[in-house]
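Okay, so here's just one chain, in structure tokens, the form predicted on its own.
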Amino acid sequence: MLSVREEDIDRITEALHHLLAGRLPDAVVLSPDYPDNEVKQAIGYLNRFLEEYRGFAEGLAYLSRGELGFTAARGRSHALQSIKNLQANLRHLTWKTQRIAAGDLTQRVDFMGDFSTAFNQMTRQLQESFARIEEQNAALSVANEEIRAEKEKADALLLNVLPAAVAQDLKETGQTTPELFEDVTVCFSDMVGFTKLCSGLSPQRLIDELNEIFTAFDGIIGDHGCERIKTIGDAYLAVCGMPEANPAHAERMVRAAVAMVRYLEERNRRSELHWEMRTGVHTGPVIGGVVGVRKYIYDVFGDTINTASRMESHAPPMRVNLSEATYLRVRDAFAWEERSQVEVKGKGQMRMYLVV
């Protein structure tokens, strides 16, 4: 009859007790001289079970901490094989997730049942969301480009009716303050016989003619560092020295006025319709500011403007007529023809000078 020693029974019982209590027991150790019998064989099976159970528990502990790089215990139990399979699936899922994070939304999984279905549904939703975002970004890009183009048009239009510094103030603060400019040269020009010319031209032809002439004048004025303020019918008003100060404002304005007359002379030589203009120039203080709140108009005021208009009305056709104030600024830069004193309405006798 097979006999079992009491201490061996105690070791086996203690191991099973630890196992049932949720603790990992040590292997049951037999003495080296223990007989090779059924008890030794049973204890060997128990120790093999404890070893595989220890590997299974350690694997679960690693997985619970999110550590997938552990080496799974060797064994043939179903539990150990499941741990190995779960480890492999999770490592592969991690790789799939990294690919998705890198932008590859085509990744799918098919090895984890319901989880695979949920994961694949998530990636499809992400793919659809990113596709919608791309469409929205493309639409926004088109809209931004249209807004940028419209802003450029609005800025260009604003610069067509306002000096650059004034336009910048309005864009930045929505307002601009009227300002007194102490030293400005004003050019006022008017077409000779405009009313008579108008009667023989169609409205479209008249506008085309004035548009071509005034566009050329704008180019000349800009090239000389001056600023066109406005046109009133056939009258053209420009200044130099405001809103940006320019110490050479008088000479620049006179040179621009001469260039405008020269342009008109050249145009008359190649056109069947001949235009002539009178031009007056005067230097003095000017007030400048924006008039209106719905339709911005930058205008200039003061006696200097009125005097420049008087210089224009007393100018011979196709000549630039200067007041004495302007003449004294630029007399060394041009050849002159001094005129006798002229009675000017509201001004009395005034000296005038024609640019030769």
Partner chain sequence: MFKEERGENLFCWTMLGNVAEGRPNLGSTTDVAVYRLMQFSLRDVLIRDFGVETADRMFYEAGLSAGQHFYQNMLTRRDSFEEFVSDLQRVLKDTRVGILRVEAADLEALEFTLTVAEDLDCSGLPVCDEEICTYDEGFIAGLLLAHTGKSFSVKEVDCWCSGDRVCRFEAKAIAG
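For the two forms, the rigid core is made up of the largest set of C-alpha atoms that agree within 1.5 Å on superposition. What you are looking at is a predicted structure, and each value in this text was computed from that prediction instead of being measured. Positions refer to the first chain, counted from 1.
What follows is about the form predicted together with its partner chain, which we do not show.
Proximity to its partner chain in the predicted complex, defined as a heavy atom within 4.5 Å, singles out one entry of Asn89, Asn268, Gln168, Thr231, which is Asn89.
Among the residues Glu244, Asp104, Asp155, Asp223, the one placing a heavy atom within 4.5 Å of its partner chain in the predicted complex is Asp104. Not displayed here, its partner chain is approached by Asn85 to within 4.5 Å at the level of heavy atoms in the predicted complex. Contact check for Asp110: a heavy atom falls within 4.5 Å of its partner chain in the predicted complex. Contact annotation: Gln81 falls within 4.5 Å of its partner chain in the predicted complex, judged by heavy atom distances.
Its partner chain is not drawn, but in the predicted complex it has no heavy atom within 4.5 Å of Lys196. Stretch-level contact analysis of 196-204, 91-99, 253-261, 133-141 against its partner chain in the predicted complex, using heavy atoms and a 4.5 Å limit, identifies 91-99. Although its partner chain is not shown here, in the predicted complex the stretch 50-77 places heavy atoms of Arg74, Gly75, Arg76 within 4.5 Å of it, in sequence order. Once the cores line up, the CA of Arg269 ends up less than 2 angstroms apart between the shown form and the other one.
Relative to the superposed core, Phe214 undergoes a Cα shift smaller than 2 Å between the shown form and the other one.
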